[in-house]
Structure formats: C-alpha cells, structure tokens
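Next comes just one chain, in structure tokens: the form predicted alone.
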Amino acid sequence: MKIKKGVSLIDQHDKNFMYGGKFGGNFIPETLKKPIDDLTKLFSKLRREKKFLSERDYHFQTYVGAPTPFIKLENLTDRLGGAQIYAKVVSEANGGAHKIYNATVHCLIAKRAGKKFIVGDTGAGYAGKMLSMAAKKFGLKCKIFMGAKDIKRQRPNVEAMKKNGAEVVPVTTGSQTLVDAVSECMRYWVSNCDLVHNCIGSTVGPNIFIKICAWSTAQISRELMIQVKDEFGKIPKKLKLINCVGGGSSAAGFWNEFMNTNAEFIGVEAGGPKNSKLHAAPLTNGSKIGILHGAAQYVIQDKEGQIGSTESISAGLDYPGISPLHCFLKDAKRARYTSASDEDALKAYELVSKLENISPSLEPSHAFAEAIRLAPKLKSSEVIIVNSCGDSLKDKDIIKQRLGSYIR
C-alpha cells in the first residue's frame, strides 16, 4: 500500500472511494445514494471555488480565531530532558476545540445547499457544542444526537449546546456513547435528507463526510507549517507530530500539510482502564476490518463479528472504529499508532496543567502521555509537537472525581 505523491490525503482513494483498495467506500442504503451523490458533487465544486474559499478563510480568521498558538513547553521540556516539546494549542480556537473548523464548513455548505436545518452527532460534546455555535451564527436550526452515558459525563458541553438553542437528543440504545449517537443521527438523516444537512463530527462515515471533515481541520497543519518554519527556519530533521486518535479528525488535520515531509506521525488511541480488557484502540490491538457507519475500517468486534464494546475515560476517543484515513496511513506505514491508558492520560493532564499555561482535555492528554514517555529517550536536537486539540473544561467533573482537584 503506497501513498500517492502530490495527492492530498483526502484524495488518496480510488474510483470506488476506497483508500488503498481496502478502507472507506460508501456502504450505504439506497435511500442515501442521491443525497450522498449530491453532497459529493457540491463539495467537489465548492472546495475549488474562490468565493467559497474566501468565505471559509474569512470565518476561520474572524470567527474561529485562526491562527491558534504554537508554543514551546519550556517547563515540561526541562522536567523531562531529551527532546524539545512544543504544543499547537488548537484549544484556543473559538469554543475550545478543533471541531469548530468542521462545524463552520458544514454550516457554510448547508447554507449554499439551501438547507435551514442541520443535524450532528457528538461524543465528548465538542462536535455538538461547535455545531450548535456555528448553527446559531449562520441562522440554522440544530439537532444534536448524543449518547445518554456521554450526556452525564460531559455536562458542561451539553449545557452549552442547549444555551446555543440546539435540541439535544439522548441516545439510549447500545453502549449509549458516540457509536450509537452516529448511528441514530444517520437514521434521522435518512428520513429527512431533503430538508436537513448532516454534519458527521469526525473523519468517519461515507467518504464525503471524511473528506469534508479532514479538509476543514487541515487548517491546523496549514498554520503549523508556517509556525514551524518561523520557529526553526526549516522543518526539523527529526520531528515527531503526536496526536490523539478516536475518530481521527484532529490528527488528519494536524498531519495533512506534513505528508510529503520526513516528519514522523504518531497516533495515540484510548487504551482504556489498566484493569480492564476493554479499550477503544482498534489499530493498536490488531482489530479486523469491518463495516461501520458506511465505511470499511479496522473496528473492534466480538467473536460473531458484531461491533464490540469499548471503554475509555475520554468520551471523544470512545469509539470502536477508526477513520479509513488512519487505517490507510497505518498500512502504508506513513503513521504509527500506540495507545495510552486512562491512568496515563490523567497523569499527563496533571503534569502538563501544573507545569504549563495550558489545560488539555482528556483526549489530547493521551497524546501528551506518549510525548512524556518518549521525550527522555530522545536527543535535545529532536522536536516533539503535540496537538492540544481540546480544553479540559468539559472534563472538570471527571478530573475532580479521579484526581481530587481540577487544574485550569
């Protein structure tokens, strides 16, 4: 499996929308074929239209707050020794996470398509919060599907969605987490696709949703490429870009512009509790290929091939599948993937928040855990950059319960 040179990450697929001939595709019911085809044609036009690109850039700058900061973590670097550690602080974007890029672009597309309603799914609540924010800004009515378990553990974001005027629909089927929220959202869209635009919150689902999301979050690496060259004069010879991976949207955006460089991509999945056999790390644990939410991917399955149970302290990573883009990058050996446990993520959150003026959510805390493990083993000439893609505010209740205090 090879990476096509000079071709963007989202366009690495074949005519059947399969990445590497194995991952992705459009495994959808007949009723969705026309709306998927229509959206695919519309996005293909808009991504090359100067007016639309100008609108996107304007809102990214004036509404999202681009560019987000790029900082050296001096205290963490001094504490650990070894590699120089930096962070791309995407959590400084409007709303506190990278999900605002995808939400903004989807609302712009919905407006162009003449839709007045937008629907979305959410796990950690960030995709839902950002979609509710963007929908309010662009005058769209908004409905968010969220697992009942996640509603309880991500209360601050649920309150924000409702404050922005969105209807939050509790999903009580299955594990009551992100995987079920995506399923229910897709079912709703099947029945209402003539009037409603669907915004899938990550790089999962039928091909067009993967492409729109990754195209939107690529803003992260566009900024980072400029910031890295400003900081070092060039791209460092030994550069590691570390990102948490659940659905995979922030990592796809973080790595996109560095595809044709020698930068090493490291994705960190949710390893779950140390005392549990459950996890949310299909790439790390040798899961088999299956179909989930309309796409072929590595997915956690039981002995009968049904979607398996997952467990993670991080609602945003608690998903049994993984973006076809990451399956492709893994098999092409362009990225490597590992996992961090709940406990490792909590320790990383605590250390980073105490030493630095950032407070990462439990999702990027998994990536910081890997950076903390790696840095002392490397030379001072080597550089690690972590995507701090979310703010910890949404996790304050969990953190207080597990650590006894919350560091903002």
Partner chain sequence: MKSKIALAFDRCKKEKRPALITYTVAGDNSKSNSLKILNKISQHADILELGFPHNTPIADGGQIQGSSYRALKKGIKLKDVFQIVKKFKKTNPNKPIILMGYFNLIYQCGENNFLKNCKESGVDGLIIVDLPYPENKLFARKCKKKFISFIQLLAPTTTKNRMRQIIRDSHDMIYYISMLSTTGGKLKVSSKKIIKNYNNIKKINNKINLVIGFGITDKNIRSLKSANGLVVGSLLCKIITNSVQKRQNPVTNLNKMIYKLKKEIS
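Residue numbers count along the first chain shown, from 1. Predicted model, so just to flag it, every value in this text is computed and none were measured.
This protein has a second form, the form predicted in complex with the partner chain, left out of what is shown; the following refers to that one.
None of the heavy atoms of D78 is located within 4.5 Å of the partner chain in the predicted complex. In the predicted complex, the partner chain lies within 4.5 Å of some heavy atom of G290. Not displayed here, the partner chain is approached by N26 to within 4.5 Å at the level of heavy atoms in the predicted complex. The partner chain in the predicted complex is not approached by E74, whose heavy atoms all lie more than 4.5 angstroms from it. Note on the partner interface in the predicted complex: the residue among N94, Q176, Q227, N192 having a heavy atom within 4.5 angstroms of the partner chain is N192. Contact with the partner chain in the predicted complex, defined as a heavy atom within 4.5 Å, holds for exactly one of A335, M186, M133, L283, namely M186. Of the candidate stretches 271 to 279, 106 to 114, 300 to 308, 235 to 243, only 300 to 308 has residues whose heavy atoms lie within 4.5 Å of the partner chain in the predicted complex. Heavy atoms closer than or equal to 4.5 Å to the partner chain in the predicted complex belong, across 36 to 64, to no residue whatsoever.
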